[in-house]
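Single chain ahead, by itself, as structure tokens, in the form predicted on its own.
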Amino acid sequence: MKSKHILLLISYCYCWFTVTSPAQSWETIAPGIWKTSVGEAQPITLVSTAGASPDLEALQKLSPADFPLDQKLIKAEVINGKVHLRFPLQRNEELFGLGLQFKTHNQRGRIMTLHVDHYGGQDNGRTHAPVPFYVSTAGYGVLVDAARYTTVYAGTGVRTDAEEPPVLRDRNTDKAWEAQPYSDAVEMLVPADGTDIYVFAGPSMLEVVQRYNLFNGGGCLPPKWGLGFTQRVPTLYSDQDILKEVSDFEQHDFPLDFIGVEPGWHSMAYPCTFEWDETRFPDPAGFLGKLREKGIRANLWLNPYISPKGSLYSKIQPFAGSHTVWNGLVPDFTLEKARLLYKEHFIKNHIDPGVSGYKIDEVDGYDQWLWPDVATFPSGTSAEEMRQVYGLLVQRMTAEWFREKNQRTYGLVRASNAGASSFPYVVYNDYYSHKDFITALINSSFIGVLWTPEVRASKTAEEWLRRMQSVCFSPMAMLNAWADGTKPWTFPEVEAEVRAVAQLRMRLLPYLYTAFARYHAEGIPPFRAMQLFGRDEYRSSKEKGQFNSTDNPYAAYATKEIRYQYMMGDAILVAPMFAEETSREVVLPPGKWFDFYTGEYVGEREVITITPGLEHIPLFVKDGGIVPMIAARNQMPGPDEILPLEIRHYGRSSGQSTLYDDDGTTFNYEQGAFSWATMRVEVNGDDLRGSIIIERPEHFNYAQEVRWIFMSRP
């Protein structure tokens, strides 16, 4: 009788520790998107924390697609309280995504533990946005919606029951022996007793990313002023120091749309009071009003940890975690009461007086700074989960405050995660490798976040100019002078060139704003990897066959990790230069390409070597590309300005593109207060003719008489 009880107990334990998700449990939740769950439902996930609603109307417009993987080869089990996941890999697949990485693009063959942290110089998964989403060159994507430190084996483990086991080789005699045998699976370990899994169909990598972004509400549409130039001032600047800084920008004829006010605005920082220092800012509303009279917005630095000297301290204490950060309370923002207390204080003291946005610092790491994993929170959320979602919580909370005021905002954040596509925040950090910054900018396009390669300092005028050129072709053109007070004209010998590239960014407002509008409406990243250029170059291997130089020459570059170049919008290829480099290679995709500045033909479906000189950042436009521009100016236009429009056409083929506009500051576009225009160029021999058709001209803030410039006219 005793032996029967033991057998029953063993059987019971096995059933409790191992749970398998059947293949037939995949549910279609939107066109081209499927979901399944394994184990127990989790009280907090990345997607639920972000809280976005899928844009079903936009998803309906994408290509129809079937489930892109063999469901029998997807395995999901809960073993000893942890989720074990396995997804199949074909031999020629490359994998992109899996967080904001700084040194690598293709993640196949790598092992990472996805953990919100300050980036420490290694692509090991500890990073500012460790998004557990990957997209494959085979035309699909996978999201594991776990607010946990998830370990990913991206084609490294070899199972005894592998569908395609590696070839057995003898190291003694076979020169083809490899230390890392071939693996036919992505495996993940989630330290939780359940998780949700989403699969996104293609057929192209771009459409996978579009579906992922639209599932998360679509990309953010910043205010126009957010796309101008921003200067973050030294830490202890006063209101008078900042007003003088604005005057200096005017004297140097340099663009400026918003000022970043660093920790000195607080009466105490690290931890923060969120209250104005009366010695440096005796009249905050008056100061903010003076900035607005000059057309300048203010963005306030903060970390969310409340000082004992702050008036919020006693109120938030019952809703804070067990551990402090820099002696400040850590609010549990999963609790509505904590969010409401912050909302009341911030709106009264910041937003109502005229603050336009925030820089959310110190929500990423290091471990010794933030709460430890033994911390507890009043909601019952674990310290690990709180670490993974804290950046999402603060982004969502602050963005909602501005939305309720019908004001768009645009700010900075140090930590993000899956689900953040619609948040008006750009990720940044304290790392400072120019080349790695460009790698991060490219990788951000796979995971639904924005990244800025900000400028802080340089050893030479050449490096200064090269960094400035890059940041002006990124989601936020920012000089971060909080530490040393640098200015755009710090190196006088390149001041003119720095001013020219900043003004070029301003001139490209119609083009750039339209790219963000498409991010919002279609999920297409405004700055994106070459692998996401177009809809045909990287279709699934089922359609195109094996990637090779005969069937699909450009796709062969996927395995080479196309480095340090990316697309801005649909037409412009950006190829930054770096200090001490006089030449570089550029990979030109299919189709003819032309120099942005001269309109001259440069090549087609090939690798070219360029020697551009110091003056310009290399830019190339595809054949038939249409680039709308405005005249150079030092501030982005207001809602009521009507601007002359210049439209450039490149190449010798007919072309068509769209141009978006709205008031640039409010959410009225969600009620139909916006305009799309169709720009066309017809080519008939040597005759080129441009036309523009404007929908809802009452919301179109450009003159309808257009100046057409045909850059590549024979």
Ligand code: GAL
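From 1 onward, residues are counted along the sequence shown. Since the model is a prediction, treat every value here as computed from it, not as a measurement.
The form predicted together with the named molecule is left out here; the points below concern that form.
The named molecule isn't shown here, but in the predicted bound form which of Trp482, Phe437, Tyr149, Phe333 has a heavy atom within 4.5 Å of it? Spelling it out, the residue with a heavy atom inside the cut-off is Trp482.
Consider the chain as shown here, without its partner, and state which of Tyr342, Trp301, Phe516, Trp464 has a heavy atom within 4.5 Å of the named molecule in the predicted bound form. Of Tyr342, Trp301, Phe516, Trp464, the residue with a heavy atom within 4.5 Å of the named molecule in the predicted bound form is Trp301.
With a 4.5 Å heavy atom cut-off, would you call Lys622 a contact of the named molecule in the predicted bound form? Because no heavy atom of Lys622 falls inside 4.5 Å of the named molecule in the predicted bound form, the answer is no.
Contact with the named molecule in the predicted bound form for Gly125, defined as at least one heavy atom pair within 4.5 Å: yes or no? Because no heavy atom of Gly125 falls inside 4.5 Å of the named molecule in the predicted bound form, the answer is no.
Would you please decide whether Asp430 lies within 4.5 angstroms of the named molecule in the predicted bound form, comparing each non-hydrogen atom pair? Yes, Asp430 is a contact residue.
Even though the partner isn't displayed, in the predicted bound form is Glu187 close enough to the named molecule, meaning a heavy atom within 4.5 Å? Glu187: no contact with the named molecule in the predicted bound form.
Can you check 587-595, 348-356, 95-103, 255-263 and let me know which stretch has heavy atoms within 4.5 Å of the named molecule in the predicted bound form? Answer to the contact question: 255-263.
Out of 396-414, which residues reach within 4.5 Å of the named molecule in the predicted bound form, heavy atoms considered? Residue within 4.5 Å: Arg414, and no other.
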